[in-house]
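The form predicted alone is given below as one chain in structure tokens.
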């Protein structure tokens, strides 16, 4: 039988199996895992990091890198909080928060495109600066003076599914349509595959880099607002571990840090696996800090050897064929 499964499809199948195995183990070890309340809590909690995963997937596919996502989360929450404290209408508080993220994305693009600096270095610097701005303004305080019309979104459900999770799904669908159904998506893949070849083929390389980084900033700001809604406050430490968590999930989901290859579904399955792990640690009464150590180890292994899942995937594929 001819092998018709792509490597990306094999990774997605492998992740589905891994997620299913984790769920079976947690069901056996904890009687509360499969309860409606726990599943809803898990889906709600993964919403903001899922949106960040969409942003990172787009950035990686384009050959870029963005470490500022977590700091932008905190920044957008701070902007929304102070806008509310100043008495601005909710619409403008949300608008300014989203624009703040887009501006940081624009700053990243300016440094990468115009000064030709490495994206890793640029976004590491902007991450540090933005986080420092948040700490400087908030000074360890928490902003809770948000209107109920915003915070109540965290308590809304559609057919039993949390609204925040539905927002994540909509973002993922729109991003999928962008990548697969538009010329911009083809440009993003071409840019990450080989920038010089893309340029010679007529791809507006500079414009696409601006587009991707601004979009990443915008999505990161949206994730910050989702966090505000979920925890009903803006905190200075928002998204502190987000770069580690999200990049790990995206990479194990099959998106290459070298660019030109990636899957939104794989990234979201990676995020789901990560939250299953975190949720399992919580339900079993284990120290949650060990989950961070595990995520860091996984990131080192996968980035160091992107083919780490190949033997498992190949074995699984042989089982399916037989």
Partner chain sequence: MITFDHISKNFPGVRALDNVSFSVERGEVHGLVGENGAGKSTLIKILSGIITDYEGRIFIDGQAVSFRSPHHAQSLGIATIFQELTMISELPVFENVFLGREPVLWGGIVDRNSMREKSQKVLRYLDSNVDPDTLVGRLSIANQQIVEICKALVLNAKVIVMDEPTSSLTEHEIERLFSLIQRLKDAEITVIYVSHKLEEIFRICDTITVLRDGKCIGSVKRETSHPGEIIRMMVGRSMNERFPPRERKQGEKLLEVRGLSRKGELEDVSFSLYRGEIVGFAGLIGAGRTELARALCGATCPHTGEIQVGQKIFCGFSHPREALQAGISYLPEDRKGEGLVSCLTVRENLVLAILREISSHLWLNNRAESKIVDRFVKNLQIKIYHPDQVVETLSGGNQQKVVISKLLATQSEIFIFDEPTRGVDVGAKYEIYKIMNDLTQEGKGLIFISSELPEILGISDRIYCMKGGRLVKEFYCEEATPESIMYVLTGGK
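Note that the coordinates shown come from a computational prediction; the quantities given were computed from them, not determined experimentally. Numbering follows the first chain given and starts at 1.
Heads up, the form predicted together with its partner chain isn't pictured, but that's what we're talking about next.
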Could you tell me which one of 86, 177, 121, 158 places a heavy atom within 4.5 Å of its partner chain in the model of the complex?
-> 177
Let me know the one among 90, 231, 203, 172 whose heavy atoms come within 4.5 Å of its partner chain in the model of the complex, would you?
-> 203
Pick the stretch from 73-81, 96-104, 188-196, 242-250 whose residues have a heavy atom within 4.5 Å of its partner chain in the model of the complex.
-> 188-196
Its partner chain contact in the model of the complex: residue 182, any heavy atom under 4.5 Å = yes
Consider residue 261 of the chain shown here, and say whether it contacts its partner chain in the model of the complex, taking contact as heavy atoms within 4.5 Å.
-> yes
